[in-house]
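One chain follows as structure tokens, the form predicted alone.
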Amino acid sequence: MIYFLMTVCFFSTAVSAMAFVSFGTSSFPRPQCTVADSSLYQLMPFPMGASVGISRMKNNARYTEVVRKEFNSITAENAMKFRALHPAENTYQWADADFLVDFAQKNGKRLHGHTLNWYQYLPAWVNNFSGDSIAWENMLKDHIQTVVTHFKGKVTSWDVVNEYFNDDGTIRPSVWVKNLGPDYIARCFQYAHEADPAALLFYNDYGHEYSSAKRTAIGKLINSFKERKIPIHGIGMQFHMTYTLTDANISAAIDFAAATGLKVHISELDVRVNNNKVQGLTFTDAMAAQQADRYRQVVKTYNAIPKSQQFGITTWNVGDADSWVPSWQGAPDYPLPFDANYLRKPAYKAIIEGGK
């Protein structure tokens, strides 16, 4: 299959991801298009982002160049999580996150912080913390405010709390709920706002696209925050989805988020194609087309919400080889708009089409 973004195209066996727009899925010569302005974010009507890993940023020049060229928003994949920043009770490690801040500032990228509070990726000292509720409260507040203050004026926005709800809409058990009660989530937002009143604060979760119960619970939480004047500015929908997800499910999730009146961030987008976890699966043209269709539909639906609410779309990492999905599901997958060599897949073209 041949895909065209522009009309000036030719075939070559020498493929450069940086010099040409390339679409395709096989190892055969691929169509390449020279374009004067081929940056994804410059072709889109809202910010386009990717989460990034610090090791790849430091050691993979092609990865870094794609991030620099294609996106105007970046999210710290792991470098700003609790365990990465605060590995011991009296120790903070800033080097990796500061590296990302420096990259963002030098290259004019918006930086989204992920995440101030999560039930996972905690250091051992937190899981083993034995203080009373006051000690737990002080520890949580100190962590949030130390981190937000460190990045004040450098990080535009934060996922304050990540994945507070189960799929059935109940509150997820965690060390935070156990030791601080369910309303600790509201205090997380208050502490972050106190540390940086200019930062935009998001609640982030997965499952919006398949669980109406979770959507309902998130809606109730947001309404409660509004009534109590708890600072919250946006809702993050992860959208780790499969190529079989229906248009109706996509619309239900995005329309719900827009109805909150908050800014809407599709925050961790990827589209899986190996639903059956087939070992040794090869990415085919048919899979590429189905995947591209889902990317197109997500972007098209998102682009229809009010512009003032469009915080942007962020893919969860850059190329297929960088994705968390194969490790998580124990089978190969190809969920991102760039392949393992950072060549643009049909999904890339579909994103642009959806944004028109």
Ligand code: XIL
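Computed from a predicted structure; not experimentally measured. Residues carry their position along the shown sequence, with the first being 1.
Not pictured, yet referred to below: the form predicted in complex with the named molecule.
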Proximity to the named molecule in the model of the complex (heavy atom, within 4.5 Å), stretch among 174-182, 98-106, 274-282, 111-119: 111-119
is_contact(residue 268, the named molecule) in the model of the complex, heavy atom dist at most 4.5 Å: yes
Partner contact for residue 77 in the model of the complex: the named molecule, 4.5 angstroms, heavy atom: yes
Any non-hydrogen atom of residue 41 within 4.5 angstroms of the named molecule in the model of the complex: no
The named molecule contact at residue 73 in the model of the complex, heavy atom, 4.5 Å: no
Proximity to the named molecule in the model of the complex, single hit among 141, 233, 226, 240 (heavy atom within 4.5 Å): 240
263, 214, 81, 193 - the one with a heavy atom within 4.5 Å of the named molecule in the model of the complex: 81
Non-hydrogen atom within 4.5 Å of the named molecule in the model of the complex for each of 210, 249 and 293: no
Residues of 176-202 having any heavy atom within 4.5 Å of the named molecule in the model of the complex, listed in sequence order: none
